[in-house]
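Here you get one chain, nothing else, as structure tokens; it is the form predicted alone.
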């Protein structure tokens, strides 16, 4: 009785497999970087609290880069249209005109975007952008000096469950199946990025996080390729952990100073970096970088906080996470001194304009005022 459904599912799976084979074959054909006289930083507000917090990060960048902007060396370009309403209206995770504007930029500062859950078939805008811009490395730092924590997470950003997880198969009333994909080239490049970061920053330990005892094909290959990469870096200790025990190790004080650099598939990185950010002070305190060979995108690690908007508290959203992303952006474009100055300004704002998420604390704009004042 299921023969017709099976045949449709087989055809569907064939299409998915062919598309992923083509993608895997093209991974090593990155476009050459162009030399430009002007660096264009695109600023995208997003949904929910996104425009509110992103506005403050844009103010901070304008203050930090005022000389470069005045000299015409850097442009901050506002990009509208990446809202849930617009995406639903055109039926695309990233509307074509918005994507064209984004691709005309060099780096992107992006606010949180809302992804419909459950049966709504709209793809995540983040997932779509990571794929379209080939932003394969999601880099998330977490630092709590008093606990001996100085961590950098390298999350593979374009594969795993996120690549085709929303294109699964359903046998109504009986079962559903989603898919996970891991490529050789995709794994090697994220592993290389993690080990190179460790070597360049004097780190001595890399943790490879998988569930290869259960996901034997995908995570199994990820594990094997990371071990092969580790052999090229004999000065760095490499250990593999299963994702469940690593989630426990993150809150185990005796492990805090041992753990330094992490590399892992997409889903595990999504989960563990939120846990790590909570140790630091909450997801509102952590920024995120999405790095590719041509483009880079910087964002808060949290979502658009629709519940906060619903209760009318959006103006009290904490912009620290996206401000931390702006710090990473400045580091990426080769301005470490300005990044350090913005970091200090954020710390000053935390003291002078504390955010609580309610009317008992400062507003997002007041926090931004304190950051800009400290940059003056």
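What you see is a predicted model, and the numbers here were worked out from it, not measured in a lab. Positions refer to the first chain, counted from 1.
Unshown form predicted in complex with ligand NAD; subsequent notes refer to it.
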Within 4.5 Å of ligand NAD in the model of the complex, heavy atoms considered, which of 160, 269, 287, 112? 112
Quick one: of 165, 292, 220, 303, which gets a non-hydrogen atom within 4.5 angstroms of ligand NAD in the model of the complex? 303
Taking ligand NAD in the model of the complex, would 187, 193 and 226 all count as contacting it (heavy atom within 4.5 Å)? no
So if I measure heavy atom distances to ligand NAD in the model of the complex, which of the stretches 344-352, 327-335, 313-321, 56-64 falls within 4.5 Å? 313-321
Contact with ligand NAD in the model of the complex for residue 307, defined as at least one heavy atom pair within 4.5 Å: yes or no? yes
Does at least one non-hydrogen atom of residue 49 fall within 4.5 angstroms of ligand NAD in the model of the complex? yes
Against ligand NAD in the model of the complex, would residue 283 count as a contact residue? Criterion: heavy atoms within 4.5 Å. yes
Does residue 183 reach ligand NAD in the model of the complex if we count a contact as any heavy atom within 4.5 Å? no
